[in-house]
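Below you'll find only one chain, the form predicted on its own, shown as structure tokens.
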Amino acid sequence: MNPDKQTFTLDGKTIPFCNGQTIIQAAMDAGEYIPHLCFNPEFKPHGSCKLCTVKADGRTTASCTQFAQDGMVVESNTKEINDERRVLLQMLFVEGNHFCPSCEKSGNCQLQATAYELNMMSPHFDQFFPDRPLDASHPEYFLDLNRCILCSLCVRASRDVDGKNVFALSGRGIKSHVIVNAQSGQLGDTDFAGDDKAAQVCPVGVILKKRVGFSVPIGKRSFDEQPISATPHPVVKEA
């Protein structure tokens, strides 16, 4: 069988794929959007956010880790699945401090844009209000870990692309959090740089460049101009 001729269906649409592709990779190549936060095609899947969960031949699975199979029937855009995604988003919003109107990332935030896409109208659950100190020790960037959603994209980018291991995950369960790999725990005491991949992958407002805040006005940012589903993998318009 020619691997280029293999297909599966996604919400009734025929999606071609090559051997070794996951469901979400094939869907993105075909221009179809599956909600996701921790997935990035440049890195090995992590499977932490679970927003990309679909039903494949009736079985619930993460589309970022499930390999596509010829003839597979995949459901993604259904009420049942989107209701579950909405609950996951609500939990992410209350576990961190996400005050969109005052956030520099508003309009470029994938968490915010995904909430809009899935019609999340309120956080529903009680807020955790974490208190994580800001880190402004670096001359070019600062960290606001109060907004972290534990997607691990910065960890994977720094380790797998930059070869620096600036970031790591620490703790377990509700105590999980991102740390900076320096004796001081400060970003300024690492070799983190603006051209690092890790400086570009945060889907929320944790890693921000200094002295450029709001240079792109709200209303003219990536997800102000088009919904996150308009492109299979969001391209954020940075300053």
Partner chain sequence: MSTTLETATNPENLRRVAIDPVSRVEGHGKVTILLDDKNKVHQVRLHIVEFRGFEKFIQGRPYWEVPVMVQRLCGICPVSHHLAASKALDAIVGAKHLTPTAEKIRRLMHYGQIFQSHALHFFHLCSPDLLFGFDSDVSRRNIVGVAEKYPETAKRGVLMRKFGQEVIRHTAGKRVHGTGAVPGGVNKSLTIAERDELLKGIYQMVAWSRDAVHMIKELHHQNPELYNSFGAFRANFMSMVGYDGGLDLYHGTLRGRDENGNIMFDGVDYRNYTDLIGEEVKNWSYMKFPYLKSLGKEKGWYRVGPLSRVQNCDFIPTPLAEIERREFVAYSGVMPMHAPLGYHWARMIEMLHAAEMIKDLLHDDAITGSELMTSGVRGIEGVGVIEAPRGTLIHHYRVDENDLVTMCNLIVSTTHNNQAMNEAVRRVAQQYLNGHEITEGLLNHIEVAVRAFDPCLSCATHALGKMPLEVEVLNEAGEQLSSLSRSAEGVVCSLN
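Positions refer to the first chain, counted from 1. Because the structure is a prediction, the values reported are computed rather than measured.
The form predicted in complex with the partner chain exists for this protein as well; it is not shown, and the discussion that follows is about that form.
Put simply, residue 213 is close to the partner chain in the predicted complex: some heavy atom of it is within 4.5 Å. Taking the partner from the other structure, the partner chain in the predicted complex has a heavy atom within 4.5 Å of a heavy atom of residue 136. Of the heavy atoms in residue 160, none are within 4.5 Å of the partner chain in the predicted complex.
With a 4.5 Å cutoff on heavy atoms, residue 217 counts as touching the partner chain in the predicted complex. With the partner left out here, the partner chain still marks one of 24 to 32, 203 to 211, 40 to 48, 168 to 176 in the predicted complex; by a 4.5 Å heavy atom cut-off that stretch is 203 to 211.
None of 104, 95, 84, 75 but one reaches within 4.5 angstroms of the partner chain in the predicted complex through a heavy atom, and that residue is 104.
For the partner-free chain shown, 146, 147 of 145 to 170 come within 4.5 angstroms of the partner chain in the predicted complex, judged by any non-hydrogen atom.
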